[in-house]
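First structure 1, then structure 2: two forms of the same chain, each alone, as structure tokens.
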Structure 1
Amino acid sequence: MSAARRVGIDVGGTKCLAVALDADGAVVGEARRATPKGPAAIIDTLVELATELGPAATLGVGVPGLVTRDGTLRAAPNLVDISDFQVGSLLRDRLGTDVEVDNDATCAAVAEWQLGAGRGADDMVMVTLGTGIGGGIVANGRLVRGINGFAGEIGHMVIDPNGPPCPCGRRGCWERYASGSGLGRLARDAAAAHRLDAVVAMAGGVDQVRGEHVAEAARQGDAAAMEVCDEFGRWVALGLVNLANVLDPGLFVLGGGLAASVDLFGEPITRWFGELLYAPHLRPHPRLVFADMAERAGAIGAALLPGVHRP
């Protein structure tokens, strides 16, 4: 029944992925387009995708960046170079449909919470480990959006004020250590200290070392590469325990590109989490699980936004 059809679109740096959900949350349609340049072209593409998968009762959109509660993208350096992109109201005008917009990591959190690994949780934190770190928070059975809509910018928690500089202008943000780019940085530091000679040979030079090289070498049993994976796991865990102190969730869901490498990072993250947790003997430990939905989480969560933003 088309009246209950909910469309969600995840706008990425290179592609837009759209899904249609039926009333039960099953994916009943999917479409994708390259992400064009500039706000007007992006809106045209979103209208095309919504129309192709519609008619839809509601539309949700996930975008990378800071999104206000009324659906304005305040900034998204990897997407558009304007500072106020009124995604929500532009789409409402074009489509005449209920439209909700939120940050892409928040959308992934909504998907895992409503239909995936976090189903049924009243207190959970989703952490997306990709090029950076994003997040989404559920407390008291509701999405935590914050007064502006910017809650969950957990990648910019400072965990070492003397740490490496972050493009945000500060130093030692969590995502300098515990993201894909953080893994690359840890690996290049190890390489420069001659701890990763086999990886350097594989990559073609210290400066060419990326997280992927470390992962490949660790999978082949290279002990030095496995040590870097362990160090990476400790940094991931350090941020998680900070979030546990603040929010005391029952569940962490780890998603994003790096969560696919659970074979490498699952054990170190879990072990360090147990070691670093505050008052570990006085509490049931939060569960750490990996995301269910992989690439479609953002689009599925976007489709669920209208029901979640206004429960």
Structure 2
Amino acid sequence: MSAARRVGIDVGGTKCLAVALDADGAVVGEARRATPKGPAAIIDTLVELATELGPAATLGVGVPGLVTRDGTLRAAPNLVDISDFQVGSLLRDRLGTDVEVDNDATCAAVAEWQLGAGRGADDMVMVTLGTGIGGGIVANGRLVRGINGFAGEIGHMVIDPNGPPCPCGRRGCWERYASGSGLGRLARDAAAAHRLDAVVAMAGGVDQVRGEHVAEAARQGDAAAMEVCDEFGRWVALGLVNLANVLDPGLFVLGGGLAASVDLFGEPITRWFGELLYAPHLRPHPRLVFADMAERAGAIGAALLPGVHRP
């Protein structure tokens, strides 16, 4: 059985999720742990997860941030005390086996490209909308990784140089507007302007307002909350349009935690995309679809890494 099993682990800001796949790509095992602080504790957790899922032919790991081609995590704004973290070599030493390491959003892109909503696409951009924004790019049927392995850090496109500070050290990054935390910031701004009084009452104060409060109120028909959802859809679409202008993909796959709210955000994102796209009446529009694999995408993609050519 171990010859056919493939294990993948997705390291997130709050949890590490591991899955085991059989030869057909079906999930046959799953384990999770809270993400600890510091590189030594993270390696211990990854070893525990790999061991718990049992013998496997291959192991892949997805981590958030700038990942070199040799599996070193150079920078990770959403992890504590992490820089120049040699994930690949440390795991190889501990486990005595080869380990493939890549960016977590690139792993999610592999999963959707190979088994999910992007299956069969030769030109695709995966956009993960979670606490931040990550990305993975497929062009001409191959992963795009860049000379160092850093391609796909789309959340750190600056769309407003005077915008709010980002954990990466700059201001106005796309993920400050179009991620889950970005939705929360937009909601608190609206609440401070007394546009979301019902949401503030629900949350227990302006400072307590989160994206999920806006989503709940919008589903209940609150007009002000629906306006915030529309504003959020515009910010998402703006970044997608920038990517379309640079890459001209045939398909965008939108994943991450916000993919579960397609009922709220699917229409405004699509509408704004059509309005903001350069020469929209003179070109085919990329398709916008939502991901199939939910929270497992990163771990499944990590498990698939060893079988995917990564130029």
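For numbering, take structure 1's sequence and count from 1. Predicted model only: the values in this text are computed from it and were never measured. The term rigid core refers to the most C-alpha atoms you can superpose between the two forms while keeping them within 1.5 Å.
Only structure 1 comes from the form predicted together with a further copy of the same chain.
Arg69: CA moves less than 2 Å between structures 1 and 2 after rigid-core fitting. In the core-superposed comparison between structures 1 and 2, Pro286 has its Cα shifted by less than 2 Å. After superposing the rigid core, the C-alpha of Asp207 moves by less than 2 Å between structures 1 and 2. Here Asn78 exhibits a Cα shift of 4.5 Å between structures 1 and 2, evaluated on the superposed rigid core.
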